[in-house]
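Below you will find one chain, with nothing else, as structure tokens; this is the form predicted on its own, and questions on how it binds or moves follow later.
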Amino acid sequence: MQALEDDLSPRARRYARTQQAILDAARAIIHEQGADKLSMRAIADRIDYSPAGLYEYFGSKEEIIAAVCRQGHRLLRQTMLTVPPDLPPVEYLTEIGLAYIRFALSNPDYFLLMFTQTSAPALEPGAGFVEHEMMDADSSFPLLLQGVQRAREAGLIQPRAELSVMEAAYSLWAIVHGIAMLRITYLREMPMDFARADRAALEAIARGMAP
């Protein structure tokens, strides 16, 4: 990031830093108060800027939210990338699932926003959502897809005959995402050893997909 900034003119660097300050302020408001409290005025007050001045950087609150969501997906991907890729395939799938859940627990309002807003641009006729968003460079889904493919090639999991690798990856994602959503919403105050239960659930799913 610093190398990229060094290639910019002083004016462009100031622009990029103010733009990032806007996004940081938006994230802080979402984390502290929830997404419903986010507004152009709240962001402007947070960075001591005029609300009208924000429009030089973003055309609307919705554009800011979309940019925040894109950053969120990048951070989620980075969290999952901390899992060593040379782990045995099934263990790798378990660990990236647990990393996904940990990210949600550390960033509940952020996580909810990411999956209730779309950061994808309007698609041209015939363009697929998968190519534009799920397989985007900022998305964490390709990590799961590659993990499923690796486990299948190793003969360690065998999706049912009617399921493609993509569909099997979606099935695993849906389960992990459901656990994450329950943890940060309905079950957030429930006293239970969730860490053990989450690991047991993901390991059981992997065993259930074994040939």
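None of these values were measured; they are calculated from a predicted model. From 1 onward, residues are counted along the sequence shown. Definition used throughout: the rigid core is the maximal C-alpha set that superposes within 1.5 Å between two forms.
Keep in mind that the form predicted in complex with the DNA is missing from the display, and what follows is about it.
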{"property": "Non-hydrogen atom within 4.5 angstroms of the DNA in the predicted complex for each of 11, 51 and 60", "result": "yes"}
{"property": "Interface segment, criterion being heavy atoms within 4.5 Å of the DNA in the predicted complex, picked from 41-49, 23-31, 146-154, 173-181", "result": "41-49"}
{"property": "4.5 Å heavy atom contact, residue 194 to the DNA in the predicted complex", "result": "no"}
{"property": "Close approach of residue 167 to the DNA in the predicted complex, 4.5 Å, heavy atom", "result": "no"}
{"property": "Heavy atom within 4.5 Å of the DNA in the predicted complex - qualifying residues of 171-200", "result": "none"}
{"property": "Did residue 15 shift 2 Å or more between the shown form and the other one, C-alpha, core superposed", "result": "yes"}
